[in-house]
Each structure stands twice: as C-alpha cells, then as structure tokens.
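Before any questions on how it binds or moves, here is one chain, the form predicted alone, in structure tokens.
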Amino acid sequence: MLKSDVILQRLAETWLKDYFIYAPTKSGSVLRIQEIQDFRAIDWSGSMPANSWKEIIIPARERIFDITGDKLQTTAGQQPLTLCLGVNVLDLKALMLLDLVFSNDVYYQNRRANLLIVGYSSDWPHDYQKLKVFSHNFEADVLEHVPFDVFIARIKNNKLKFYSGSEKGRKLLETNGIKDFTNIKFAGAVAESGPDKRMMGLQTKLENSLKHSLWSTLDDICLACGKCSNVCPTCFCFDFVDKIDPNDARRDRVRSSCFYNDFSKLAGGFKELATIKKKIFFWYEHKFVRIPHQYNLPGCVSCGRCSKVCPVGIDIFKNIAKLSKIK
C-alpha cells in the first residue's frame, strides 16, 4: 500500500471516532456518496459520484414549524457533527452557490455550522483541468473561491498536499498530526477579475435561444421525470407542505423540481410551465441565465450527473455545445 493511502486511511479511521462521515463508496459498480462505518469502504479514485452532496446538506424533507393550540413553534433541528469527506472541486463550486442562496436561511445555516467539508483531488490539479467544464473557465486559484475546511490533494509521485480553508480545518489537521499544510484565505465566490467571460457569453446566447430547434427536439424526447434536477448539486427548489390538524398542525419544506406538474400551478389551475418544452427551457435558463445574473456564478458546475441519469439520454454537454454556436 502506498504511503499516501496509509495516511488517508489513518485520518479517516481517526475521524470516524468523532464524526458521522459521508464519503464516496462503491455500491456494486456505482460510486455513491453515503454514510460509512468502515474507513476501508471509502473510494479514493476521485471519480464523480452518481448522487450529490446536496442529499446531506439539504434534506429532501424537513420540518419548518409546528402549531399546537395557538402556539407556533419553529423547528430548527441541529445537524450532528458530520464530516463530508472526498468532495471534489466541482462539488465545492456547487456548495459555494448553495451557501449564497441560503445565506439567510436559519435551517440551512444550523446544519451548515456542524458540517466539516474535506475536499479531495486524486491528481491535483490535472483532474480538475481534464474535466469537461463548459460553464466557466479553469481558474489557477480555484481553492481561493470555494468553501472548504480541509482540502487534500494527491500530487506528483502520489504525495499528499494539505490545505486548510478555515480555522476548523486548521485545528482538524493539527490535532491529527498534520503540520505541513498551506492556509488558503477565502477571496470571495467571484474572482477579482470579475464574472467569468465564458459563462457570461453562454448566458447571452441561451437567453435568446427560445426559437432554437434544440428545444423542439428535447420536447419530443424528454419525459419530464425530474431525475436530472434530483441529482443536480445546484438544484434547490422546494415546496411547502402543510398538515392542517387542530391537534397536530405543521409545515414541512419538501424538495421539488420545475419538471413536476404542479410546480408552476397557480390559482385557477393555470400553469406557466404547461409543456415539456417550456419546462426544459426554464431549467436551462435557470442554470445559465438567472443564477449567473443574480450571483455572478454558473448555475451548472459541469458535473455531468444529469446526463448519466437521464432515461432518454439527454446530454447537457452536447446541448450546450449546440447553443454555444449561436451567433
């Protein structure tokens, strides 16, 4: 076993004593993020997991408040100390967006406070450079613009390089005997040079593409099943579901999708997104137009999960390549 592998396993074994740990593991032939009980189950390949870290960071369903009699009780459950281990750079970019979107959300912030984020690269920085990223350019200083507590990079000759991105991360490394590490100071979500020009160019092209033949083609094959938005690490839409009962009334926040039939339903039964063509354009527009406009960040991090899970083979990489050719 390589020395670097021994170090990684020793760290994971130690952290298991203090934290619930979620990490990429092989489930059959599929790589998935799930809770681990044994450090030997962790997959250190650096490959993209089929599911996203959103499942840990934003629950599919959470209680917002309860009403008993005439009293409303806010329910802001505490997240147990949880360590997300092996988060790749693209998923760190997705986390950056979620942190901005839910910056004033007490439920999100209560969970986030007890999450330790440990990023990982299996071949730094070459694995990041090899990814087919279409929504933004490659940044040499990428770690300065994403949130993490610790980042572990496997570099030349299988050596490990450690970075701390927070005070919690620094303490986590030092208490585990890692003295040689680099402190990264967070420089904001957007680089000093401003919003990525490639992203902004794509925003303009997609915004004016409604008459492009691509949307009619997708209208014919898309099932509007919502699997793409479910695995997407940056999809954050939700519904409120109320239970009305004199003795047990409550409100839950439930993950939703713009592909679902009742997503845009208004009073009187009118639906703004009444056709599949409108739904899928709305989804792309959210990723590549509205989010960049609001946050100066791409709403898609190019992880490719949506393409892999699509039952009819819709490939976001090919679709963006077509839209990029618009003059």
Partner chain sequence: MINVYKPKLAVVVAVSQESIDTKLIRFRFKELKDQKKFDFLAGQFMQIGLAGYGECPISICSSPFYAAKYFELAIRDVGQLTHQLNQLQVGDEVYVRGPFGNGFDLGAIGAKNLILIGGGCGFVPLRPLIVDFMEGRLKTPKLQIFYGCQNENTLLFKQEYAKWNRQAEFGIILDLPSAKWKGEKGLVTELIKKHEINSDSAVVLVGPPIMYKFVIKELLNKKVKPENIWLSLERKMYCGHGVCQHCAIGRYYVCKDGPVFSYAQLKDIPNAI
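Residue numbers count along the first chain shown, from 1. As the structure is a computational prediction, the values presented were derived from the model and not from experiment.
The form predicted in complex with the partner chain is left out here; the points below concern that form.
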Practice problem: Would you check whether the partner chain, in the predicted complex, lies within 4.5 angstroms of a non-hydrogen atom from each of D38, K54 and A60? | Solution: no
Practice problem: Quick one: find which of 114-122, 167-175, 148-156, 100-108 has residues within 4.5 Å of the partner chain in the predicted complex by heavy atom distance. | Solution: 100-108
Quiz prompt | 4.5 Å heavy atom contact, L31 to the partner chain in the predicted complex | solution = no
Exercise. Look up in the predicted complex whether M48 has a non-hydrogen atom within 4.5 angstroms of the partner chain, and give yes or no.
Key: no
Quiz item: Are any of the heavy atoms in D43 no more than 4.5 Å from a heavy atom of the partner chain in the predicted complex?
Solution: no
Self-check item: Partner contact for E144 in the predicted complex: the partner chain, 4.5 angstroms, heavy atom
Solution: no
Quiz item: Judged by heavy atom distances of 4.5 Å or less, which residues of 194-210 approach the partner chain in the predicted complex?
Solution: Q203, E207, N208, L210
